[in-house]
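Here you get one chain, nothing else, as structure tokens; it is the form predicted on its own.
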Amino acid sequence: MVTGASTGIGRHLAEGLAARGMAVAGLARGEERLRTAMDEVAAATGGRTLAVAADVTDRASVEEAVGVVRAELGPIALLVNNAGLIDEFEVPVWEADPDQWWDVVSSHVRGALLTVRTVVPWMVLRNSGRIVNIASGMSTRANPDYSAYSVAKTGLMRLTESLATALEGSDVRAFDVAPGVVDTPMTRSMHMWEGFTDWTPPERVVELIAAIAAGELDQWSGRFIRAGKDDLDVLCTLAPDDADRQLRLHTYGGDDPLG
């Protein structure tokens, strides 16, 4: 199940996963565009797809959508939380519209929370499942012009680690996957990427998430990996130590009382 599947990275993921033989349920708010996208994916891949219109920030909508997915396609083995908004204007936080700012945060954090609380209990019962939260470079460092997006993506990383910690001992795992800078309508709308050409191929995002779904990167549960920079073969052979690829406070030296 991929949220935000009608366009951008979500659309690439739906097609890439379907091409690998997965039955893919796509969620998005715009029903017509979503159905068109899922029909196109099915036609291009020969895979089975399902379009379910839903607002991931609405609890009843998410619960109804997950019920439809489970009824039509069976148990959800992979959840990809991709849906989310971006700051409407590139301005410092005190100039941002507070309602739009909060909508951005809610779309990522509340959206992921609601899908997790609806999908993960079934994964726990089956003792099988993988959750991927789509992270960002802004998860790990602030951007003054995209404060809401930065806050949202950082919160999503902490949610992933909390989830992974709570799932320890089970065969249900949670991951942060940063897609890099994929050429999508959203990135094209951001002034910071004007003139940018070194796009991350969406296939690199798909291959990481497909590997997660196959259980090849389980040792990275609760941690951050980045498409287009991380090499899949290397990740498969590495076992991270301590807080590698997790959000932590850097101390100021040996005398720091928080050290």
Ligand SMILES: NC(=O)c1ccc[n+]([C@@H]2O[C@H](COP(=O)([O-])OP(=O)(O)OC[C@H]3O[C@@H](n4cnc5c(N)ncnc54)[C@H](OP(=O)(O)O)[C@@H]3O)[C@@H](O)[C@H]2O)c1
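These figures come from a predicted structure and were not determined experimentally. From 1 onward, residues are counted along the sequence shown.
What comes next is about the form predicted together with the named molecule, which is not displayed.
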(request) Answer with one of Ala28, Val41, Leu217, Val69: the residue that has a non-hydrogen atom within 4.5 Å of the named molecule in the predicted complex. (result) Ala28
(request) Scan Val124, Leu85, Ala164, Val93 and let me know which has any heavy atom within 4.5 Å of the named molecule in the predicted complex. (result) Leu85
(message) Please tell me whether any heavy atom belonging to Asp55 falls inside 4.5 Å of a heavy atom of the named molecule, as the geometry stands in the predicted complex.
(response) yes
(message) Since only the chain is shown here, I'm wondering whether Ile9 would be in contact with the named molecule in the predicted complex (any heavy atom pair within 4.5 Å).
(response) yes
(message) I'd like to know whether Lys153 contacts the named molecule in the predicted complex, with contact meaning heavy atoms within 4.5 angstroms.
(response) yes
(request) Classify Pro185 as contacting or not contacting the named molecule in the predicted complex by the rule of any non-hydrogen atom within 4.5 angstroms, answering yes or no. (result) yes
(request) Select, from the options 42-50, 56-64, 208-216, 230-238, the stretch whose residues sit within 4.5 angstroms of the named molecule in the predicted complex by heavy atom distance. (result) 56-64
(request) Heavy atoms within 4.5 Å of the named molecule in the predicted complex is the criterion; list the residues of 154-181 that meet it. (result) Pro179, Gly180, Val181
